[in-house]
Structure formats: structure tokens, C-alpha cells
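Consider the single chain below, provided in C-alpha cells and representing the form predicted alone.
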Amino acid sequence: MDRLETTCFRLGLSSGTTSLARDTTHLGFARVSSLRSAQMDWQGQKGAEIVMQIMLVVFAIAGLGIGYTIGSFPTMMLTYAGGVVLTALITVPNWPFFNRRPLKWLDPSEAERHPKPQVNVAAASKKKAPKHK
């Protein structure tokens, strides 16, 4: 008996509940691992950085305006800190809308058929000496 079945047995749950709990646990793990395992594409990284910069500037201006209007430095800092946290929650995770154009990597077998071009050693060693006046 594995740990999940033991827990369900102690709670007095049926074996059908055990398989349901196992499936639910697996689905939750699949969602989290899909966010962690996928790599953000280049355009997604650029978009995330642009969104981050815009949000930080907007929250800095909003914090300054609110702090100046109310006359409270702590309120200004809390507004900006909240904006930084919100910005991090939006731009740091690998959300699916940042991964719309995934890179198509070359298959390893295809890469073996088309080797990288070799640098000509003789041409690389014949560098022209700079002319001195």
C-alpha cells in the first residue's frame, strides 16, 4: 500500500476515492510542471521585459502621485512595493501567453547529417598587420 492509499484507508475513504485523489494530484502536478518545464521563447522574453518596464514606471508615477497627494512617504513606498510584487507575479512565471512562438530546434539526427562548417585555420592565422604611419 502506498502513502496515498494508507491515508485514504485511515480516513475511511473507499478505493474509488483513492484513485480519484491520485488522478487529481497528478493533474495538479502536471499543471505546475508544465509551467516550470517549458522555456519562454525569445519574443516572450522581450514582451515580458517590456511589460515589466512599463508596469514599474506606471507604479512609480502612481506611487509618487499618491504619496504627494496624501503627503505620506510610507503610502508612496507601499504603493510602489505593491506594484513591484504585482509586476513580478505577472512577468516572472512562464505564462502560456509568453510562450506563443516556441523555438524549433534541429533534431540531433538531422544535425549529424549537416555538420557545422569548419573554420579555415590558414585563413584565420593570416591576419593582416595594421599599417603604421
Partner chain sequence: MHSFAYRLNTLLTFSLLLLAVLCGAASFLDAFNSPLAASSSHVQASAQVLKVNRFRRQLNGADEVGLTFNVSLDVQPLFTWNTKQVFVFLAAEYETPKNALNQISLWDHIILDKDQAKFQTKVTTKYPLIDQGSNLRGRKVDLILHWHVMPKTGRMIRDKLHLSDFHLPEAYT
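Residue numbers count along the first chain shown, from 1. For clarity, every value in this text was computed on a predicted model and none was experimentally measured.
Heads up, the form predicted in complex with its partner chain isn't pictured, but that's what we're talking about next.
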| message | Is residue 102 part of the interface with its partner chain in the model of the complex - any heavy atom within 4.5 Å? | response | no
| query | Are any of the heavy atoms in residue 43 no more than 4.5 Å from a heavy atom of its partner chain in the model of the complex? | reply | no
| task | Please run the contact check for residue 64 against its partner chain in the model of the complex: heavy atoms, 4.5 angstroms, yes or no? | result | yes
| field | 4.5 Å heavy atom contact, residue 57 and its partner chain in the model of the complex | value | yes
| field | Stretch 84-113: residues contacting its partner chain in the model of the complex, 4.5 Å heavy atom cut-off | value | 84, 87, 88, 91, 92, 93, 94
